[in-house]
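Encoded as structure tokens, the following chain is the form predicted alone, with no partner shown.
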């Protein structure tokens, strides 16, 4: 939550602000885009939907008429109170004034009085400057989420959905795909927003199915391992591993060969399955784990 600001719950209206948007906000104004984005969630008639940054309510009214219950999380202290009148008599819609980066989704229902304990469906237009931070926060709480449909910068959408062996595949791609299936659904031009951003946006859908158990790796250790593998994209995987000091030459080359990879391979060309195999072999002894302070947003 925002430091010094307790979470507050209010009903909301679609009040429009004439002031300059704060917090990197670009409000969605295209009616057809609104419809397509909400429809990408699928059937939400029995779901609790969590909307990130309702802003002026472009998606909120559509969601409220379709979802069993709706929690809209708005950080802006000017916008949140204005979301007041239209749903003030509805018992299934609540506005939570809080910071999504600090919010525990498992506690969001209790904070708003919305009942239920099944995984939520998440939707939102993510501010560009904290997109990766929000995505990583959602990944941390993947157990509380069944599906997420979010708008991001198109370049970020391409990275999230990239496959190994392509130039856009990187740490963010691997991290996202360890937590679920990523689909880039469609692009949105700057004109779909007000004010119009300087770049195109895209809508992605994340179906949360974490793969850590399937690939027999521990989440914390494997994510740190991915940080090391992608630390310097121009370096080979072997050199990144060696420079981190987590294995000697013989270990690295033997494991790379066991995975059926060329010694000159770079991390972007290695599948998650092969990455997991390499990790398990190099880190069978937990004492070899090396903590890093790197961000997973690369």
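Every value quoted in this text rests on a predicted model; they were computed, and no experiment measured them. Numbering follows the first chain given and starts at 1.
Omitted here: the form predicted together with a small molecule. The next part is about that form.
Taken together, 119, 148 and 180 are entirely out of contact with the small molecule in the model of the complex: none brings a heavy atom within 4.5 Å. Only one of the listed residues (154, 218, 140, 99) places a non-hydrogen atom within 4.5 angstroms of the small molecule in the model of the complex, and that residue is 99. Screening 71, 206, 174, 79 for any heavy atom within 4.5 Å of the small molecule in the model of the complex leaves a single hit, 79.
Between 264 to 272, 53 to 61, 251 to 259, 233 to 241, the stretch whose residues reach within 4.5 angstroms of the small molecule in the model of the complex through a non-hydrogen atom is 53 to 61.
In the model of the complex, the small molecule sits within 4.5 Å of a heavy atom belonging to residue 26.
Contact between residue 185 and the small molecule in the model of the complex is not found at the 4.5 Å heavy atom cutoff. Using a 4.5 Å cutoff between non-hydrogen atoms, residue 75 counts as a contact of the small molecule in the model of the complex.
At least one heavy atom of residue 127 is located within 4.5 Å of the small molecule in the model of the complex.
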